[in-house]
Structures are given as C-alpha cells and as structure tokens.
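Next up: just one chain, as structure tokens, the form predicted alone.
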C-alpha cells in the first residue's frame, strides 16, 4: 500500500525538524541581547568600540567596553539581501565598486542608519588591526572622521615564513600602547586579574569552538559549514566572556548527542566537501540545498576554523605577551604555501572528497592566492576542486545559472571519481 501525500509531507517535516539545531534559538537570544546592550550603551554609561574581526577584542572585554564589528554587520546586511542597496549608497558617495562590499555596506549604512538592525550603535572609539587586510585601514579612518572619534591602529607584519623576535617586540610594544589607549578613553586603569580572566575565557572559548568543528570528523557530520557560519558569531563578538563559553559548551553537547544518534546535517551524506573563503551570505540556504541535493555536505571550511588557528601561539598565563604572536600569525596573514599546508591538513583531518573555493570579488587577501593554492593541492593530494566566482555581500556579482552548472559538473566529477552509480 502506497504512502499518501499528507503522510509523505508529514514525514518530510519530521525529518527536517529532527535535523534542526536546537542551539540556534539560544544564539538568537544572545545576539539580540548583545545588540540591545550596544544600542543602549549611552543610557547605561558603557562605551562602544568598533573593531575589525581580526582585532584583539580581549582588552576591550576586560575594560568593560562593548565591541561591535562592522564586518559582522556586513554579513547581516548580506544575509538580509540589503547589500546591493547599501553598496550603491556608498558608490553614490564616490566609493568604487571594486572596494570590499563589507566596507561599502558599512560606509553606505552609517549616514542613514541602514541595515537590518537600523544601523550600528555610535562608536566612542575605533580599533583596527591590519592582520586581515589593508582595506580596513582606510575604511576605519573614514569612519573615525565621520563619527569624530579616536582610532587605534595595530600594525602586524606579514608572516612570509617565521615570526621574528624583532616582529614580536614591535607588535608587543603596540599591545602596550593599545592598553594605554583604552585606559585613556575609559578613564580608568586596567585590572590585571580581570585581563587574565578574560584571556583564560577567550582560550577556553576557542578550544570549545574547535571541538564543535571537529565533530564533523564523524560520518554523518552533525553540522555543516553553513551551520558553522551562523554559530561563529559568538567566537567573534563575545570571545573572552562566560556567555560565549557556556554557549559553546551547550552547542558541543548537542553536536555530541547528534553524533551518538547518527543525525547528520543533511539526509544522505555521500560526499564530504571543504569550503574556502568567506560565505556568500545572501545565498547560503540555496547553496546548502544545492549541494545537499547531490548528497554533498560541506563538513569544514577555512573561514570558521580561522578563529582557532592562532591558539597554539596564545598562553593563558601570559596572555598579553602572547597576543603579539597570536594576533599576527592568523590565517590571512601568512604565506600562500602555509595556507595550502593548512588546507592539506584539513583535507586529511576531515576526510574530504573535494574542495569548493569561493573566489570572492571583495576579499583580495583571501582570493588572490587561490589559483596557486589549487595547483599545490592538486599536485600534493590530487583532490578535485571547483571555483565559484561571487561576492560575500554584493549580489550583483552572483550568477545563479553559471554557479549551478559548475556545481552540477563538479559533482559529476566526484561521482565518477568515487564510482558511485557505476556498474561493476
């Protein structure tokens, strides 16, 4: 006897419900509270600092300053499909379309309080670290002038090979200047014990996040890279807080329960893929469903794992001293050869079948070396790779038909390589 249409529909709904990650609700609550606190800071007497995503947030947390991330705001703008309008707003102000879409969206939204949360709260200060790119330097200078607030720039030398003693002393001296800058802005001295506690919590948070990501070593993977893009928010915004530690403990417990129950991120995991570069924020659902339709799960990515890549250089007993190396030797501030080596390690660790590289029109430091990395990986591992050309926020750089064709062709290559569906 066949299954009726309503029963089939109910079955699909139950299957979809089973795969939902319950921690999503708690994440939304935390982020709502966070933005409310930031938006009402002027009434509560707290200060707000805008900071780059790769910047050292721990001293801000220790000084009870609320960190706000324009790049996170850019991601929210992209996910809300508001990127084109706000990028065009910046372009009308005279900024080139070739600039980073995070920068354009942020610059375009500032004068009109644009975006899904009605603009970011007004900053009392700006903190910029160039370990992620050079664009942030001019971007933050523009915003410092717009809001007429002080700007601190942390300059981290590029790590072509090693991190020299001279570079370490250079960055460590700036860390001291950064603390002095915050003390002057806040009107009180740093509490060493509080700084040490924040450093300990930050490292604990990073370790928990890495454990969450590592649950995808299991088959089927309990979460996908598309899930990780969402759950990354706290490791960026609230690293160094008990709130973030508690959240990732709960998320890890949920992932371990999913592993034990055999619940995968997608219904039928046949292929395991690795994602390189930032998400395409306005098309994450479409991409997730497109790959899942082929039985492909993106089990890891270079973007969300970057917030753990510097753990080995950080020392919770001497956190301020170790920040110099920890914040210099991050993923985007190292050579192409080192990037390729990191990806090779991830290919082996997560047992992936193919690599999907997002050639991101906006993020030059992330994208310019991808073709060299692709050649290195093909030579050393023979892994199948595909490149998607798009932009993280600006939908004008996305061609659905072209990308759909490329994904279909790529999955056919993987199918042939694995011999799935072929006769014996």
Partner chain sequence: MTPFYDIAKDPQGYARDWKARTQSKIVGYFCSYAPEEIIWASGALPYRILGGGPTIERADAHLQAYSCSLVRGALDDALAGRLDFIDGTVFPHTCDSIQRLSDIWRLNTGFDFHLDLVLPVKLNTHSAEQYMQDVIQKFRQDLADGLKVTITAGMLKKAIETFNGIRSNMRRLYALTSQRSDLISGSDLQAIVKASMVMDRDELCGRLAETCEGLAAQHAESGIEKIPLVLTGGICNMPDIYRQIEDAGGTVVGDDFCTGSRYFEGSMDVQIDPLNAIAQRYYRRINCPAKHRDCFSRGDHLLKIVDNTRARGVIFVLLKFCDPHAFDFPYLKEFLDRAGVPSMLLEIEEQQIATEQLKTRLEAFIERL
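Residue numbers count along the first chain shown, from 1. All of these numbers come straight from a predicted model, not from anything done at the bench.
From this point on, the text means the form predicted in complex with the partner chain, which you will not see here.
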Partner-facing stretch of 306 to 314, 147 to 155, 232 to 240, 286 to 294, counted where any non-hydrogen atom is within 4.5 angstroms of the partner chain in the model of the complex = 147 to 155
remark   = Partner-free chain; cross-checking the partner chain in the model of the complex, the single residue of 142, 179, 344, 185 with a heavy atom within 4.5 Å is 142
query = Of 221, 133, 198, 228, which one comes within 4.5 Å of the partner chain in the model of the complex, counting heavy atoms only?
reply = 133
inquiry  = Please tell me whether any heavy atom belonging to residue 28 falls inside 4.5 Å of a heavy atom of the partner chain, as the geometry stands in the model of the complex.
reply    = no
Contact of residue 261 with the partner chain in the model of the complex (heavy atom, 4.5 Å) = no
request  = May I ask you to state whether residue 381 is within 4.5 Å of the partner chain in the model of the complex, using heavy atom distances?
outcome  = no
inquiry  = I'd like to check something about residue 82: if you look in the model of the complex, is any of its heavy atoms closer than or equal to 4.5 Å to a heavy atom of the partner chain?
reply    = no
All of 138, 161 and 174 within 4.5 Å of the partner chain in the model of the complex, heavy atom check = yes
message = Could you pull out the residues of 361 to 380 that have any heavy atom within 4.5 Å of the partner chain in the model of the complex?
response = 361, 364, 365, 367, 368, 369, 370, 371, 372, 375, 376
